Every structure is written in structure tokens, then in C-alpha cells.
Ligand code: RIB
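As C-alpha cells, one chain now follows by itself in the form predicted on its own.
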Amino acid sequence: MRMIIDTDAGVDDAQAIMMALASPGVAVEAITTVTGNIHVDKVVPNVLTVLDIMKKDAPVYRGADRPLIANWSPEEQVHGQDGLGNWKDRPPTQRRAESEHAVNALLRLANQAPGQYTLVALGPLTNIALAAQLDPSFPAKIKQFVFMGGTIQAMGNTANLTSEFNIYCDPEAAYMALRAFPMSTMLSWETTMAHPMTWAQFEALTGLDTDAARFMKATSSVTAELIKSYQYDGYLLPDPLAMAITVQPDLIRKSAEYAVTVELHGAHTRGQTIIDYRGRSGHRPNVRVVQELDMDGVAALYRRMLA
């Protein structure tokens, strides 16, 4: 699998990138960055640090530094000021990002190898929408497009209560991307909440004696404590679940295809993903909505990635 990862690298993004880098048969050929959880100027060094931890190489490209239209503020409560849980013992990196802009890199790679790349979006879809606007043929040149984002039951995690953060952060970009791609695969916020890692599994994995496990423990403590304060049943894995179903599709236990769009104007619902469950819109399905996963298989991916 030839993969491009588009990320706003916060804590869970870092784990998703680690999972891809540790997966046999997956070649991460580019990582593009975007403002979302934190500003892109912090996202880039976070990605470079993940590559250091995993002792892997991939070109990293700086992308959009703001949403297309929406106002933006960082998610520091969730990811810390640095996007990696305020990691105190962070070592410096000698790596550098490429000079090419992320959107240009996406278009170049798609043109060089049409139908070859799997594109996994872990943050707002700003870079993806810009690429599709610059070259309307771009979506057709992507083999598979998977994104973490949206809600399927209107149970969001933003100021607009029905909206999930990645979509809420740049609703226009999400609207444009979903219109542009003939088919996408969606890992929603509610699917995340329904499939946590147990706290026992989390403690066991972060207690492993490896650099990768120590990195996960150091960077995830802020997020873990926040999740515990909300009394969730376990550690939530938004971006890692999106990556898990990409690198190992047989982890999907239930999914269905629907016509999906994004609300742009609602006073309380801007950024909500609107799903035509009953086929009343007359629009063709454009999104495969993942609803149930094999969490034993996800735990196995974590063990491999941290070992």
C-alpha cells in the first residue's frame, strides 16, 4: 500500500502515524501537514519527531496554515500547547520539512502515480479541498480516501454540539472534499466513542520497555487524564482507528454507504455531517460510514507498533 498521510499532528495523530510506519506492506511516501489541533508550524516538528521515534524516513510537507473561511483556535486542552501533551523531555530533531507546499506535493504525487495512493486524512480537510480545487481530476487519481471526522448521530465534541472537531474546524473544506471524491471512507466521532481501548490495555501498552511505548506514555498523559475526567470507558482512539481500518480493512465489522454532506449555515449545526440514511435526497452514496470494528485486532496493531 502506497500511502499519503495528511495530519494536524496532535497526540492521536502521532499514534496513527506510528501505526502506519510500523505496518508491513505499507509505504508511507509523504506526510502533509495542516493547521487543526495546533498550528501547522507546530505540526511539522511533531511529525518529524514521530519519524525520529520510529526510526523511519518520509518526506514531510507544510500545508495550509488556516481554514478556508472559519475562525480557528487550537485544541490545547486536549493536545497540550505543543500538540504532544506538553512533552517535557522532548529531544531536538535534525530533520527538516521539504520546501514544496503540501498541496503541490499532493497534486504532484497523484499525477506521478494515478490510482496508486491511499490518502488518509487525520485533521481538517483544508489541503484536500485545495488540491481538488486546483485540479478537479485529483480525487479520481487517488485510489482510496479515508478520513477521521464527522458525526453519524449528531453527538459532536465542539461548541456546535452536533459537530466533530475536524469537520467543524473547516466546514467548507469538508463540504468541498466530500463533493469532489466519488467515494470516501469515514471514521466518525461516535464510532470512536463506541470503540475505546480499555484502561488496562492502555496501561499495559504504555508500560512496555521500548522507545515507542515511552513516547506514547509521555505524550498521551494529558489526553488520558482529560478522557478520564469525562468518565469514558477507556482511552479514545480517533485517528488510530481511521488508520487501523486503512492498513487492515478486515477490522471493519459493520459499514454502509450513504450520501453525506456538511452543514455550512446552521446557527447550532454548522460543521455537522448530514447523512442520508433513508435515501431521500436522491443523491448517490459518496461515503462508506464505518460503524463497528474488531478492537482485539486494533490492540494487536498497537502491540506491533510499540514493540
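From 1 onward, residues are counted along the sequence shown. Owing to the predicted nature of the structure, the values given are computational and were not obtained by experimental measurement.
Same protein, other form: the form predicted in complex with this ligand, not shown, and the subject of what follows.
- The partner is absent here, but in the predicted bound form a heavy atom of Asn37, alone among Thr33, Thr273, Asn46, Asn37, sits within 4.5 Å of this ligand.
- Taking a 4.5 Å heavy atom cutoff to this ligand in the predicted bound form, the contact residue among Phe215, Trp189, Phe202, Tyr175 is Trp189.
- This ligand is not drawn, but in the predicted bound form it has no heavy atom within 4.5 Å of Gly63.
- This ligand is not shown here, but in the predicted bound form it comes within 4.5 Å of a heavy atom of Leu122.
- Mapping the unseen interface onto this chain, Leu106 falls outside it, with no heavy atom inside 4.5 Å of this ligand in the predicted bound form.
- Among residues of the shown chain, Asn166 is one whose heavy atoms approach this ligand to within 4.5 Å in the predicted bound form.
- Here the chain stands by itself, but in the predicted bound form one stretch of 258 to 266, 275 to 283, 53 to 61, 237 to 245, 237 to 245, has heavy atoms within 4.5 Å of this ligand.
- Counting a residue when any of its non-hydrogen atoms is within 4.5 Å of this ligand in the predicted bound form, the one hit in 130 to 153 is Met148.
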